[in-house]
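Read the single chain below, which is given as structure tokens and is the form predicted on its own.
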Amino acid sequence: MMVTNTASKLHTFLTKTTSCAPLAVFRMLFGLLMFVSMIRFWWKGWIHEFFISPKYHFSFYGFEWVQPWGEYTYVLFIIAAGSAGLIALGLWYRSATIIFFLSFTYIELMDKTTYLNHYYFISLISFLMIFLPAHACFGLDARNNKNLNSSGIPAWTTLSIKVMVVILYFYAGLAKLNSDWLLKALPMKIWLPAKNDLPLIGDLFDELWVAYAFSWIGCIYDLSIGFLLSYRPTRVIAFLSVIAFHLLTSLLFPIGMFPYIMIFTAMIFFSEGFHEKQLQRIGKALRFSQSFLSSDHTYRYSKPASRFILTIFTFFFMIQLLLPFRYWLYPGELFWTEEGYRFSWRVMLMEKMGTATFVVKDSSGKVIEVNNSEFLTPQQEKMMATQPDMMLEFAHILRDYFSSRGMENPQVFVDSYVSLNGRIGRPLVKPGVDLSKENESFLPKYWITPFHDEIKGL
């Protein structure tokens, strides 16, 4: 009986339909924002600064083959921007989403110095969109193909985007349930005083209670906002808080397009009627026919396609739910070792500062103290000096460099000095460890020094 009821509920869930309008509006906004993001990256000179100018690049483990294309890296951004524009227009949608997902993710993987949580979010969303019928209405594909043009789509397609947004926020909130964030207002009480030159509100940032208020409100906001957006009676006030929260974040911290991406993404939680009205207004302004704007067709997947996509989505969301907790597999303090830190929605949780001085020795006793700036850009050096996996990769770069110049069996040692959330600095790497002999893997890095402190929480 229980099996029958479960099967019945699953069938109801899979066959339930909803308006295509919210997903179509999301498609247009997503494509437009991604197009602007790619152009903005180019306009600011970051393509050359981050991907062409550096002599070396820090790779993600397992993706060492992903490298910039030299001057042709601009072509990669053109491909990403062009496909984003096609997504917004709903033209050649399926191919455009695949191309955008691959090109954007390739850009994200070229150098982990540039890693940001919202880049990861964009890759995940664009992957989901490959399988969604976001082009089934109010797009050029739908206009060119009357059999595609639909007013209804399976409800689970729009729900998948909402679930991803809720996961992002909720896990970001869970990550803030730690003693540094809630009990010590760290790193907010380090960051906020640096913004005391802002007009009108700047003086407030010197007050300790403001740092605590930011910490607690930020935690509560992340834990609750996805659910408040999902609940109709609280949706409007929740969306207004999304706008206020992200605009303030944009004012205080240099995190690029992320605040605007999250503001527009939150609109997918609005009612079907709201989105339908927006499409009607735009359609009338563009003089689209009413038959195009109000199709009586419902988009449906074939049974094999539906099963295939739902299987992929099941594994996808299982990974999203479990991956942020992989740090449990590692000993030591997560913020110190950073083993399992990336791809876990840990947003702006720590202030890490440090220096790393590398020494290369050979079997004859020759010793060379490395000038990091001869190999790395200032941004790369700053990031490398506090992240163990990047220190290891740089040690291998030095090993290969000096070996290619005739040094026999070069050994690479680092004198590291790192401060976490305002604590007194101390070595991050155990003295005397030859990093040239250590290999990157998913195993714990025994050569990271113990933290000798405790940050309680998730």
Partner chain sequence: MVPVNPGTILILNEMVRTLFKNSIWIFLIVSMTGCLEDSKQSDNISEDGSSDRKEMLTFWAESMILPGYLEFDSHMETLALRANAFAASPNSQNLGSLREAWKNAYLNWQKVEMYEVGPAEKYTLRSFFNIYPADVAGIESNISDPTANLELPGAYARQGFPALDFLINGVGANDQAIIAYYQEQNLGSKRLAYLTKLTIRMDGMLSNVISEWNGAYKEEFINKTGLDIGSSTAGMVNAYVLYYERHVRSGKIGIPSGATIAASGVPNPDKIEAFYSEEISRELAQTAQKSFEDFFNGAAGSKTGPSLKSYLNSLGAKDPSTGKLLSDYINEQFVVIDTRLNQLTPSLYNQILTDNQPMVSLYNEMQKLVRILKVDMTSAMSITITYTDNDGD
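Residue numbers count along the first chain shown, from 1. Bear in mind that the values here come from a model prediction, so they are computed numbers and not experimental data.
This next part talks about the form predicted in complex with its partner chain, which is not shown.
Proximity of residue 411 to its partner chain in the predicted bound form falls outside the 4.5 Å heavy atom cutoff. In the predicted bound form, its partner chain lies within 4.5 Å of some heavy atom of residue 416.
Its partner chain is not drawn, but in the predicted bound form it has a heavy atom within 4.5 Å of residue 190. Under a 4.5 angstroms non-hydrogen atom cutoff, its partner chain in the predicted bound form has residue 423 among its neighbouring residues. Residue 196 is the only one of 196, 311, 363, 298 with a heavy atom lying within 4.5 Å of its partner chain in the predicted bound form.
Note on contacts: among 306, 145, 371, 95, the single residue with a heavy atom within 4.5 Å of its partner chain in the predicted bound form is 371. The stretch from 70-78, 163-171, 269-277, 335-343 that comes within 4.5 Å of its partner chain in the predicted bound form, counting heavy atoms only, is 269-277.
At a distance of at most 4.5 angstroms from its partner chain in the predicted bound form, none of the three residues 116, 390 and 440 contributes a non-hydrogen atom. Residues from 226-251 that approach its partner chain in the predicted bound form with a non-hydrogen atom closer than or equal to 4.5 Å are 233, 236, 237, 239, 240, in the order they occur in the chain.
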